[in-house]
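Quick heads-up: the structure tokens below are two forms of one chain, split into structure 1 and structure 2.
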Structure 1
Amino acid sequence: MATEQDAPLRSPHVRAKRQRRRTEILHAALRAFRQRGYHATTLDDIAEQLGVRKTALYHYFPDKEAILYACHRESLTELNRILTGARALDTAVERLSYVIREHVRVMTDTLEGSPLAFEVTALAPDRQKEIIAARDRYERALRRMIQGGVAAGELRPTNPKTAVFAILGAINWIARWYRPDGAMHADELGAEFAEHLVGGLTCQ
């Protein structure tokens, strides 16, 4: 725990270097968690990707759970970025399609991980509450998009809750089968998902 909030480090350069390393660890963890899940991933797995012993990780994170927590945080930041981008668009269909495309992209490119797909139950109660709350905010935002679209006559009346679960389920599941070297390219995937998942909501 001491490593986290230590006295100010000497120089900005050193501080930046440390930050870079933290990010490297985070991404290695992201990748591993995505593939094998949190519990099946050992600290050795993560360390090995970085060519380092697992004890080195403790210089950057107090424990394994903290790494998972950081993964969640980083992912949720990404999702909020997406929401902000979506708000600039005009129609509900555009907004929803954008969110789906971008969320898929986050799953495949940026984070090589799955924002909402990580096991939240492995977190300590406080952190769990925080992450779940943030996740709920995201889900609520999507629901409101759908409700808005229905109100505007763009979408046919649907249960927004179910619709959002279906959309997020489809997206989160990507973590289970997507492999960067596979035949399916990320961009098309997002576009097709958007078409398919929004298509089921539009008025005939």
Structure 2
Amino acid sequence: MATEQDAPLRSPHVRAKRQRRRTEILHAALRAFRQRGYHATTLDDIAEQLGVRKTALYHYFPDKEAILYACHRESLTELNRILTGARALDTAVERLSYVIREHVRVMTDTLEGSPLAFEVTALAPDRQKEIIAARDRYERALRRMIQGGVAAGELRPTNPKTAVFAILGAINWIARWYRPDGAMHADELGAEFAEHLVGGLTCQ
């Protein structure tokens, strides 16, 4: 059955329309994963979120794992964008606070509170290796950010590896309790996480 990768070249308008539909499928899948868990979610469940038949999904993705993989890649693209934005800021505290706020936004908005971080093992080995390697690069970038803050006297002396584990552990755990329709707004949550997590590292 034809997939997105098999599609011939189309006009920019048609490509944009397909990209919007692809994004809609990913977010429908994330909602289903949050509600049912990845393993219990079927393509029928994802199609139901969109109000279409399961066969409509095959025009974009060959199977559920391909959707999960695409969700991971979308989240990693967002994380890379966050690092780029952070590098434009002046201080380590500003950069780290920005990363935390934006990473929380990815968890709550981009990933809709879906526990995607806990589903890497559901991917095929080659895809799993790719995603883990990308996450490791992100983690190392945060360690360097903290090391720079310590060297500049902005952050107290600390083990950057432990600090990053604490930060990422707290953010990833959002998926276990966050609900998009809950009382806590995503922006407020990001600000609070930044205050608590960066506040514990500053010299004041």
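Only the largest set of C-alpha atoms that superpose within 1.5 Å between the two forms is called the rigid core. Not measured: the values here are computed from a predicted model. Residue 1 is the first residue of structure 1, and the numbers go on in sequence order from there.
As summarised for this chain, the second structure is the form predicted on its own, and the first is not.
A movement of the C-alpha atom of Ala56 reaching 2 angstroms or beyond is seen between the two structures when the two forms are aligned on their rigid core. Relative to the superposed core, Arg18 shifts its CA atom by 2 Å or more between the two structures.
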